[in-house]
Each structure stands twice: as C-alpha cells, then as structure tokens.
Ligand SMILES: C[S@@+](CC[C@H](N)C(=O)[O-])C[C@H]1O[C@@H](n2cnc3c(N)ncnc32)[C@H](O)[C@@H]1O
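First comes one chain, alone, set out as structure tokens in the form predicted alone.
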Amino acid sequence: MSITSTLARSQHKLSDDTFRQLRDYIYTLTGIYFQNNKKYLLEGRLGKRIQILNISSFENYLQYIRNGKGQFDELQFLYDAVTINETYFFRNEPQFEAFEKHLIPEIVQSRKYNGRSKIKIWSAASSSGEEAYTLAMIFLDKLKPRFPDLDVEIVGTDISQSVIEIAKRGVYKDYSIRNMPEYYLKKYFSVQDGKYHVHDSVKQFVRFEKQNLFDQSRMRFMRNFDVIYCCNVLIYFDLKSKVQVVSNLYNSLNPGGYLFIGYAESLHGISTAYKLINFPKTVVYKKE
C-alpha cells in the first residue's frame, strides 16, 4: 500500500470527539441517537460520502453541514445515511388483518350517527411507500365493498426526501413484492421492463410528503388521524426522544384512534396514555 493511500485512509477515521459532536448534531435534528458502540456505523455510512465530496476529514464534513454549504441537499443525504429503509408490501399481515376486520368496522360504527364518512390513515415512516399502498389496496378490495359510503385519506411520510420520491412514483422491484399475494399483484399492478407499477386506482388515495417526527412545529399540522402506523421507528430513539415522538403521535390521533408500532417495540415505560388492545398475533394502542 502506498504512503498516499495510507494517509488518505487515516484522514477518514472518525475520532471519538468528532463522533460525539456529529451524533449530538444528528440527535438535535432528528431525535435519532447513536450509542458509543455504533460509531462504526456513522464512520462506514458517511466515509464514502466525504470522499465523493472531496472533503478531507469527518471534522471538515461536520463543519460543512453546520455552516450551511449545500445544507439542504446534504441534510437529505445525512437522513438517508442514518436510517434504514427496509420495507415491502404486506409486511405485517396480522396488523393489516386487525385493521381490516376490527379497527375500521369499529370506527365506522362509532360514526354511524354523526355523518362522518372519511377515515384518515397515516403511515408515519412510509419509506418507499409500500405500507401506504398496501393500506390503499386493502381499502379498495375489502373495505369499500363492505362500506360503500366510506372514503379514505392515506398520508405517507418519511424524513428522507429521496424515498418519498420513490413512493410517489410507485414503481417497485422484486424485493418489494416478495410477500405480495398474487391476487393483489395481478389486480393492482402492471409490469413494465421487469418492474411493478402501482395502478392509479390505488395511488389516488395516497399522498406522500416529508415529515420529521421529532419536529414539534411540523407535527402540529398532523392531526385528526384515525389510524397511525409507526412501525420500527422507535428503535432509533433514546427514551427522551421516544417519549416526545409517542406524545406527538397521541396528539395526532382522534379520540378512539389506533397506533401500530413494530413487533419488537413497546410503549412500556414510554407512555401510559394509550390502552393496549390485543388481536390475533398482534397488539395495537388505542387513544381513549
């Protein structure tokens, strides 16, 4: 190995002090917290980026994002780097079954005499949109025939603008549809050049926008939802951030509304404001 390449590699080592500063900066923006033993993740995910930008060190990269040089675009990359956009259609089938067979019928019944015929659903970490489109297909195929007067508004949000753009396009590869029932695939997708395109009949019920769940001012605009899916998000936060985010989600729900979180997640020690409801192979949290 040459002396030049050795020096280049040494310049791209993340020192403990810079790691703490970078971690604190990310935490302030997003509420996402990197433990000390996760330093290697930031080093690995951002190391290639600073090479692309021709920045000589992590210290200079931190200054680069702090002082506003190219800040908007670079913050988008930073958000992409610190989150994992792992999702696919019909990922949590027991949750979708509870949604279809229990939650929506209950919500419809509770509104039977007040004239409200629209339900609002929020996929709060929608990534590339598979969860939001799954909900729209279930609505079209299972709920609309049963409740003809029912309308739905589905909002998909994510902190990453790049995955939001993917979601808006609604074009997917094999990985995303690997758990998709063949019936839905044939009915609601077209195949072009080996990719799967969501039909407009599904897309019309879904809109996507960027949203930071840790941003108190922006969260004030997310209101009057009947069901919120926020799965596999709390794992990114420390306890303080979890409390804030879960409180924000509570304020976003209508009374009687429901919150889904990931299988490996729990609100124990985070919030006592919700009532835990058990369904086959899944649980959901209810705002009373």
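Heads up: residue numbers just count along the shown sequence, starting at 1. Note that the coordinates shown come from a computational prediction; the quantities given were computed from them, not determined experimentally.
Here the subject shifts to the form predicted together with this ligand, a form of this protein not shown in this document.
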Residue-level contact is defined here as any heavy atom of the residue lying within 4.5 Å of this ligand in the predicted bound form; does residue 191 satisfy this criterion? no
At 4.5 Å between heavy atoms, is residue 142 in contact with this ligand in the predicted bound form? no
Should residue 167 be counted as a contact of this ligand in the predicted bound form, where contact means heavy atoms within 4.5 Å? no
Decide whether residue 42 counts as a contact residue for this ligand in the predicted bound form under a heavy atom distance cut-off of 4.5 Å. no
Quick one: find which of 78 to 86, 197 to 205, 143 to 151, 103 to 111 has residues within 4.5 Å of this ligand in the predicted bound form by heavy atom distance. 78 to 86
Kindly confirm or deny that 15, 25 and 57 each have some heavy atom within 4.5 angstroms of this ligand in the predicted bound form. no
Could you run down 235 to 263 and flag each residue that has a heavy atom within 4.5 Å of this ligand in the predicted bound form? 236, 237
